[in-house]
Each structure stands twice: as structure tokens, then as C-alpha cells.
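Okay, here we've got a single chain as C-alpha cells, the form predicted alone, with questions on binding and movement later.
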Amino acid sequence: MDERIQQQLNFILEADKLKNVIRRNYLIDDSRRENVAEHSWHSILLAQVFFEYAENKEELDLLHIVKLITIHDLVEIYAGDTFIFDEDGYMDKFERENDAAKKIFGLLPPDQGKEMYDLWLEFEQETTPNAIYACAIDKIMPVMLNTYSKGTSWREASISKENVYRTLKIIEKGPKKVFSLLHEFVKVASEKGNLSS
């Protein structure tokens, strides 16, 4: 087997470990917490379904968005998942994940490793139209889960609607429809008692 394909296989096999990284969010049926691979797949699906609501389609590339969402959580294989409302965990999140990005993408041939690292960085910086859309979709997914389930992860952490709006500001920069859904989800979640007052 040549070196390039061996490097690619090593990366793909290492990526399987994402299935073992558990998030704080529960599945809709509250039967268990979701893993990061499940979250990534669900976000990719939502990005495609909601793409019709993007007002700036001429600036967007859906394949690029799918790539951004596909790779951005791979760093959690080494860095772990940081709960979005964990302010202490976010203090060194970028440094931990940057080190992890260099490690995981360093398994690939250099050209592919650089491409994936650059995609990860673009997602983290949240400045390009594609990254803003991808981040809005990625961030609305756990809101949806906590709204349509019993909101167990929010209840466990005593998350308030103020926490949601303050922490998920990026959603406001995304499609207007997704931002309006954020307000609807928060209203429903509050009515159900999934958010603290």
C-alpha cells in the first residue's frame, strides 16, 4: 500500500473515535446522550434542508458548508466536547482544539491536512458567509433537541433563555428564518419548563 493511501486510511480509522465522544445533549427521546458523530451528521442534514432559507445564496457554497460542518468537530477526539454554556471550558477551548486539529489533520497527506485545518479554522473564526451559515446551523441543532425533548441537558445545567441568547449570538448572523426559529424554540422550551427563569 502506498504511503498516501495509508495516511488517508489512518485518518479515517482515527475519525471513528468521534463516535465515542459524548455530548451533553440528549436524543429527542431522552434515552441517552448523543455522540459527536451523530451531532455532526444531524447538522449536515439540517444544513441541506434549511439551505433554501439562506438569503445570500450567491455568496454560499453548500458543498463547502457541508465540509465545514463535517470536519469542525473532529478535534473533539482529542480535545473532548466543551459544553457551549461552560464559560470556564471556553477560556482555553481554542488552544486545546487547535492542538487537536494539528494532530488529527496531521495524519493526512500534507495537502489534505492543510485543507482540513484551514476549513476547521474558517469554521472557528465565524467570519465568512459559509462559516456563518454553518455555525448558525450547528448551534441551532442542540436548541432544537432541547426544545423537542424534555430539555434534560438544559435542566441539568440550569440554563436560562438569557444564557441561550447570549451564548448563541452567531445564529443572529445566519438566515433570518433560523434566527426566528431560535425565538420560537426558546418560547416553547420556556413554556415546557426546559429553561430556568
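Note that residue numbering follows the sequence shown and begins at 1. Nothing here was measured: the structure is a model prediction, and the numbers come from that model.
The protein also exists as the form predicted together with a further copy of the same chain; that form is not presented, and the subsequent description refers to it.
Annotation: in the predicted bound form, residues S31, L181 and E184 each come within 4.5 Å of a further copy of the same chain through at least one heavy atom. Stretch 37 to 45 is the contacting one of 166 to 174, 151 to 159, 37 to 45, 127 to 135, since its residues have non-hydrogen atoms within 4.5 Å of a further copy of the same chain in the predicted bound form. Although the partner is absent here, Q8 sits close enough that one of its heavy atoms falls within 4.5 Å of a further copy of the same chain in the predicted bound form. Of the heavy atoms in L18, some are within 4.5 Å of a further copy of the same chain in the predicted bound form.
Heavy atoms of I71 reach within 4.5 Å of a further copy of the same chain in the predicted bound form, making it an interface residue. Taking the partner from elsewhere, A54 is found to have every heavy atom lying beyond 4.5 Å of a further copy of the same chain in the predicted bound form. In the predicted bound form, the residues of 127 to 163 lying within 4.5 Å of a further copy of the same chain by at least one heavy atom are, in order, M141, M144, L145, Y148.
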